[in-house]
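One chain is shown next in structure tokens, namely the form predicted alone.
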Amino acid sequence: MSLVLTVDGPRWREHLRRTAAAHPGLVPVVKGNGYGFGLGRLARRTQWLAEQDLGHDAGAGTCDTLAVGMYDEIGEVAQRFGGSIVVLTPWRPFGTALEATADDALADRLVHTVGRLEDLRDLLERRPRARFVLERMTSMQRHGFSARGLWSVGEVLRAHPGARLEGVAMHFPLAHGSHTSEASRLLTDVVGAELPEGPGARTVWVSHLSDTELAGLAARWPEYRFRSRMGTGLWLGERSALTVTSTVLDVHPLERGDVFGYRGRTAPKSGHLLVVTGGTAHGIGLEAPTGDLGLRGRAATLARGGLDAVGFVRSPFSIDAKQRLFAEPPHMQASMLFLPAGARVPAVGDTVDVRVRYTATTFDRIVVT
């Protein structure tokens, strides 16, 4: 009686191996809810990938580092993965970033992300041999050095010869269109910064570049090594290997006008009321702002608003390949669905498919076959 994620183990593992082999220097991203799998499970799987024979195309260093989103997540992965850990959130002189910086046991494994000159100076005063990447601001306008700021880094690093620069990081937006021209422009800034010579000065950590874009940059900038940080494409890239199911807990016939639910709603017509596992505690019914600003996306938003106005909202639960309607907003651990008369009615104990956003869903059980 749970919300269950079932994973086709052989198919999923083969996808992971294939993806890692195709991306030399791959850095798996393990953050948030672990893309639905949990941080610990993905940390162990990254260790497994690091130990695989991925063939000569994979290159040294593939999966020798994983990326977490925040310093608070380090504890979930550090004992399950033996390599380096890069933190994507920029280093700041407060909170858990300081605690991690002061931890001698982590000093040689931890790679900080730095996006401000004052933070770089502060970090190196506290930990002169700190490992770090320099974040270059992209068109996302989220974190990072400007070109002028990056040009000032060289002087700071020359004053701290023990500092360990691991590379320059670039986080590109998800918007459609090629990022090749922007990446090339930013790489020109890296060259102009005259960073101290070493492997880090010729390493670029990137997010959200396609394989075609990566290949183009590698051909244009052969003296640089590009490391792809990948989360969704790695862990969720083989959707056919992933199945989410809910269990039917109760079934009740309804006549038009019957009252039901927390809010005393009335049935608009005859049918059945299904109670299924999965509610707000799992992430069911919690919707993030949409990024689709096209006509189709706006039309879908209007349609959902119209359904909500009359008491109908499409749920992520599917029966006979058709998404069914919420009878009322989902409860904490269960949801009530309305099935119109004439639809096939599942029995108590049957399972129904659920379409979820993995990065916002917590499963009761994960079964790897």
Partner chain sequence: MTRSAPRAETSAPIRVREITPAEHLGFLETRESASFLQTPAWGRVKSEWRRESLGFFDGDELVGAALVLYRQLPRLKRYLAYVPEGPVIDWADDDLARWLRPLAAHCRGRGAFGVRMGPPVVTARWSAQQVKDGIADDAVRRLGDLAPLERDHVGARVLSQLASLGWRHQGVEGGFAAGQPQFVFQVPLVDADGAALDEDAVLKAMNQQWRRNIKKAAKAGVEVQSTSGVAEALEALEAFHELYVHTAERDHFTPRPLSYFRTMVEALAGEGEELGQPDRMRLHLARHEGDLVAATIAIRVGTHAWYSYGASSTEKRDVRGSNAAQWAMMRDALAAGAHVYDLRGITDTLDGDDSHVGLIQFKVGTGGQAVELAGEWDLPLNKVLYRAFSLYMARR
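If you're wondering where the values come from, they're calculated on a predicted model, not measured in any experiment. Numbering follows the first chain given and starts at 1.
If you look for the form predicted together with the partner chain, you will not find it shown, but the lines that follow are about it.
- V191 belongs to the set of residues with a heavy atom inside 4.5 Å of the partner chain in the predicted bound form.
- Among residues of the shown chain, A219 is one whose heavy atoms approach the partner chain to within 4.5 Å in the predicted bound form.
- The closest heavy atom approach of R185 to the partner chain in the predicted bound form falls within 4.5 Å.
- Contact check for Y224: a heavy atom falls within 4.5 Å of the partner chain in the predicted bound form.
- Only one of H252, R148, R256, R129 lies close to the partner chain in the predicted bound form, with a heavy atom inside 4.5 Å, and it is R148.
- Here the chain stands alone, but in the predicted bound form its contact with the partner chain, taken as any heavy atom within 4.5 Å, falls in 192-200 among 103-111, 192-200, 244-252, 231-239.
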